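Next up: a single chain in structure tokens, the form predicted alone.
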């Protein structure tokens, strides 16, 4: 999904009225937002943080110094590790890292939903939607996190819902 489309989804999920126009620059199609009151903003995470502040939802950027740093870490991870890496091996490495990290966490910062969760969800959607049932089971923590995020109000919007099958346990009643 193009960064401009993600930013439009983010605007809507934050309750902002549409009106921002995004362009893209360079070979990697880096998003640019021309603001009404100042210089243009460049980069997915820079623009996303600006939109969060515009919506007065600063808690999505983290509430403590440590949490803010973790949000920044995952936003950077999104741009450096997820964007532009299309090979299956690259994505498997990302999913393996993320699966291990999420083993004891509900959200990327632990127990608080943040912008990092939203943008990583948007960035991974195109890959997760194509995973087989076996691959989803292999990355169980990622699957749990992804399923949880896609059900947060206003996040998924028009993106296709990814189905995660839960195996039922049957008792042998003879």
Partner chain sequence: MRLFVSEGAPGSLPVLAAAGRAQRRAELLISTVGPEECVVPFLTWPKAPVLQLDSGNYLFSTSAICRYFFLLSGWEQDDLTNQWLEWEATELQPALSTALYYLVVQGKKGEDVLGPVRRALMHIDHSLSRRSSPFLAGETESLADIVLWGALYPLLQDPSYLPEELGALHSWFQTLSSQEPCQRAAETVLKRQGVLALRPYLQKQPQPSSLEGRVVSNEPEEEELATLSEEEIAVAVAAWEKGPESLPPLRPQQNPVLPVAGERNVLITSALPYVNNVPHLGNIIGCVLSADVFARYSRLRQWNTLYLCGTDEYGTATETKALEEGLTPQEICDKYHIIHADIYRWFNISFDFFGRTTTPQQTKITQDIFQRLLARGFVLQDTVEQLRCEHCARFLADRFVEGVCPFCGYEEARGDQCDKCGKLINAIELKKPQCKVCRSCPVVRSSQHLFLDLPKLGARVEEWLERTLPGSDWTPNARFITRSWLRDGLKPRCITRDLKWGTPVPLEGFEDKVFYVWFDATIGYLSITANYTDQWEKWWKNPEQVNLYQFMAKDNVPFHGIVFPSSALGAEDNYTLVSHLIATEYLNYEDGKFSKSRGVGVFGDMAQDTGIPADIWRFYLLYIRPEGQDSAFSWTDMLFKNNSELLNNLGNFVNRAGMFVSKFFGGFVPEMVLTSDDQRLLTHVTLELQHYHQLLEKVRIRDALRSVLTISRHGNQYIQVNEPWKRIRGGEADRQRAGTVTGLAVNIAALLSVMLQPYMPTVSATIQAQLQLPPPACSILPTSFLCTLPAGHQIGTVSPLFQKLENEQIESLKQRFSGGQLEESLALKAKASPKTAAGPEQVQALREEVAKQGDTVRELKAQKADKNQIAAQVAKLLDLKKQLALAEGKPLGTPKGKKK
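Here the structure is a predicted model, which is why all the values come from computation and not from measurement. Numbering follows the first chain given and starts at 1.
Here the subject shifts to the form predicted together with the partner chain, a form of this protein not shown in this document.
*So in the predicted complex, are 11, 22 and 55 all sitting within 4.5 Å of the partner chain, heavy atoms only?*
Not a single listed residue reaches the partner chain in the predicted complex, so no.
*Among 105, 126, 138, 144, which has any heavy atom within 4.5 Å of the partner chain in the predicted complex?*
Residue within 4.5 Å of the partner: 105.
*asked:* Even though the partner isn't displayed, in the predicted complex is residue 130 close enough to the partner chain, meaning a heavy atom within 4.5 Å?
replied: Heavy-atom contact with the partner chain at 4.5 Å: absent for residue 130.
_Any non-hydrogen atom of residue 91 within 4.5 angstroms of the partner chain in the predicted complex_ = It does not: once the partner chain is placed as it appears in the predicted complex, residue 91 has no heavy atom within 4.5 Å of it.
*Check whether residue 149 has any heavy atom within 4.5 Å of a heavy atom of the partner chain in the predicted complex, and answer yes or no.*
Residue 149: no, not in contact with the partner chain in the predicted complex.
*Decide whether residue 40 counts as a contact residue for the partner chain in the predicted complex under a heavy atom distance cut-off of 4.5 Å.*
Residue 40 belongs to the contact set for the partner chain.
*Check each residue of 44-68 against the partner chain in the predicted complex and list those with a heavy atom within 4.5 Å, in sequence order.*
Going through 44-68 in order - heavy atoms within 4.5 Å of the partner chain in the predicted complex - the hits are 44, 45, 46, 49, 50, 53, 65, 66, 68.
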